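Single chain ahead, written as structure tokens, the form predicted on its own.
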Amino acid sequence: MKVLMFGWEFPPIKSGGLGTACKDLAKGLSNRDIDITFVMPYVPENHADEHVNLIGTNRLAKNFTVKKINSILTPYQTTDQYSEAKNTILYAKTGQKDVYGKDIFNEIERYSEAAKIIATEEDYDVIHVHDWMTYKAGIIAKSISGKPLVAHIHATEFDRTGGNPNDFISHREYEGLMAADIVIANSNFTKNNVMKAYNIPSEKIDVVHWGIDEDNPHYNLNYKDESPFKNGEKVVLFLGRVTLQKGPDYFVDAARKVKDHVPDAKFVVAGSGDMLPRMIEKAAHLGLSNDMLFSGFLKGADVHKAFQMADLYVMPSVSEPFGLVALESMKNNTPTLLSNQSGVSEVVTNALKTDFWDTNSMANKIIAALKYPALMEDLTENSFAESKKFNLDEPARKTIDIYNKAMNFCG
């Protein structure tokens, strides 16, 4: 079976969990002899991957009027963030800024237009699109080829914005989900959100929970000895985008309450995002300046170092479609505290859980984990054992079943 897959990032070109999820799914499918052509906005020269045929729309320059789709656009950018990134580059080159610069949606349109060429030239049985930025490309490819369209929804616009969606983006999501023959949601949490936000019928949505790549070499390395923290200091980690969706403000509030009961506790916020300046100010206001460290965005080995240096990982997400990072924590032998408002909480048993908004409960669970070694040992041992059941094979198997079902619909 041959799959034409449209995405916006693929490691090492990535800004978050979407890229990792795409790569892991592609690897699982490749292991089951699925032939994948992955289309993304920009592929550097000489960049390749053993599991997919990578096509960058920038490499269509000789056949396409657009020479290159701007790679500064990432899956989680707002129009303001895109404009700021664009102006930073423009100012460095010319000393001037583009006062009109909010053309993030034009970038999406140019990417979508490239689908006309790719859909004609490539050989494939199924079209698979990831999130709203690729949905129009999938619709175009389907109209040209007549092949079935599978739309993967990793997070709705309502998840990302706390229920205050951008109308253009939410409409594009709706169009893609309606045009798809089958929708894949990464959790029942996401499926319910899609049904509620867009009135997509339940029978059209299949749930495929994520797995994790057991072959990642970092899981076999020990970074604990590299910890900068003193013996006796307890480290609590937040790792993710510092945005409304991820609940960093609830983490900071809980940290203040924990500090009153565990004086040697230290807190690390690893990530970047629009709320970062506000969180730094909030930590200072709450008297946590010496106890809360902000590391910025981490990638590669540094992510695993952060997990292994931590005594507890906290994911206080307000609306988390899945939460692949929780599985990474478990795989690194780090106990986890999960928000009930997450997809991963549906499938993980050996973790502490709380509602994101209940900072008293969150703080109490953190305190218990830090003060009672027996609880911590049980969480560590059992969560690591449970992490072994989350592999790449099961999501791939379910996705192939969905491909076959979509092909039967269109057959």
Partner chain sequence: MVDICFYFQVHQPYRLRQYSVFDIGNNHNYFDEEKNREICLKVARKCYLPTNLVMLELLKRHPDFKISYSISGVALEQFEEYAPDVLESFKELVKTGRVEILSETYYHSLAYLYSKEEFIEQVEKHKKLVKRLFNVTPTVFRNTELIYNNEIAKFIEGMGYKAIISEGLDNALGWRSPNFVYRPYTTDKIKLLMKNYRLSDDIAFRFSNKGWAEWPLTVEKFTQWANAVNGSGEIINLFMDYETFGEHQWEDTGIFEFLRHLPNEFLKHPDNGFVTPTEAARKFNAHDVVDIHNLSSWADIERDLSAWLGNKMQQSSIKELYIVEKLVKEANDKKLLDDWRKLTTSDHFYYMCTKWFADGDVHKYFNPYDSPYDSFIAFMNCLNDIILRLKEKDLKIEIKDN
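Here the structure is a predicted model, which means the values were calculated and not measured. Residue numbers count along the first chain shown, from 1.
What comes next is about the form predicted in complex with its partner chain, which does not appear here.
- When its partner chain is considered in the model of the complex, N53 lies well away from it, no heavy atom lying within 4.5 Å.
- Contact check for W357: no non-hydrogen atom falls within 4.5 Å of its partner chain in the model of the complex.
- A residue is said to contact a partner when one of its heavy atoms sits within 4.5 Å of a partner heavy atom; N31 fails this definition for its partner chain in the model of the complex, lying far away.
- Contact between N364 and its partner chain in the model of the complex is found at the 4.5 Å heavy atom cutoff.
- Contact with its partner chain in the model of the complex, defined as a heavy atom within 4.5 Å, holds for exactly one of H209, K282, K257, K136, namely K257.
- Residues from 369 to 404 that approach its partner chain in the model of the complex with a non-hydrogen atom closer than or equal to 4.5 Å are Y372, A374, L375, E377, D378, L379, E381, N382, in the order they occur in the chain.
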